[in-house]
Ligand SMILES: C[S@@+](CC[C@H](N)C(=O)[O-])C[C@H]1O[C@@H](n2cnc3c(N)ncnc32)[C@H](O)[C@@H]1O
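Okay, here we've got a single chain as structure tokens, the form predicted alone, with questions on binding and movement later.
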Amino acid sequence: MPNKELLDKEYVLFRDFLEQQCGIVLGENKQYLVKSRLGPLMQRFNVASLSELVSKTLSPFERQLRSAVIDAMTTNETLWFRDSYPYELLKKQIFPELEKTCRTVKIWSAASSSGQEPYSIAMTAMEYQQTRPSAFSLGVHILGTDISNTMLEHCQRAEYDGLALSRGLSPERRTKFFDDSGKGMMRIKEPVRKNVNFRHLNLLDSYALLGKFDIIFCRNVLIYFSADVKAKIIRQFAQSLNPRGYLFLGASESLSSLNQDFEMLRCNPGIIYRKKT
């Protein structure tokens, strides 16, 4: 029977490693989370105990294992059209402001996970354009980024099973935007896929090469970071937005004292942030 117990000192070392590599801060008593996320990797990498797996992860020479560990610890479940109000705000307020822009509208999903968020944004844009055929003559481009290569591969396949499709996706949108790809899987239709690109990005790194955006989604991500890392990310988001660009955070997240570059807009329901200049 594999040993999935971690000594306190091993947990502290792993916690420090995870924060250094990707900014995620684990609490004092999250050993159970490490066990559940890393346990399946023990057989894959042929190690007898969780202690051995963590020890190898701390070695800079175990690149494949490190990548798999970060994948496991940063993968989160997500929903289609999560919380609904961000997508309604796009249609009712933000897209009408941007529809006459003489350039491609650029939107960034900064933690795309398995793809539901960026594809939900793309579907929303298509629905808006169907009601306003003259809008966005140069198109809407969505970029999805994530630290997990496994999740990015999932995003690029754009295939989802029945359970994933049941989480927030209406039957009407399922029919409209998906094709049956066989074996119980549905694939997002090409007109949606062509508007979304994906690339690897660690939010601790520079965003300079991504260019400028009109809208950034970073929902339910900042809660995992320390205050200093969160402040750095928000500063970089501000630098990555066009003047008067919008930032969407999760329903339980707030910029609080970090919003020097943003004004908060209460939208009933929901809150969004707009870059001041």
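What you see is a predicted model; the values in this text were computed from it and never measured. Residue numbers here begin at 1 and follow the sequence given.
Here the subject shifts to the form predicted in complex with the named molecule, a form of this protein not shown in this document.
Of the stretches 166-174, 189-197, 111-119, 124-132, only 111-119 has residues with a heavy atom within 4.5 Å of the named molecule in the predicted complex. Among the residues Thr75, Gln156, Gln93, Ser181, the one placing a heavy atom within 4.5 Å of the named molecule in the predicted complex is Thr75. The listed set Leu143, Leu201, Leu89, Val105 contains one residue whose heavy atoms approach the named molecule in the predicted complex to within 4.5 Å, identified as Leu201. Not displayed here, the named molecule is kept clear of Lys230 by more than 4.5 Å at the level of heavy atoms in the predicted complex. When the named molecule is considered in the predicted complex, Leu98 lies well away from it, no heavy atom lying within 4.5 Å.
In the predicted complex, the named molecule sits beyond 4.5 Å of every heavy atom of Thr57.
At the 4.5 Å threshold, heavy atoms of Ala68 stay clear of the named molecule in the predicted complex, well away from it. Scanning 210-236 for heavy atoms within 4.5 Å of the named molecule in the predicted complex gives Arg219, Asn220, Val221, Tyr224, Phe225 in sequence order.
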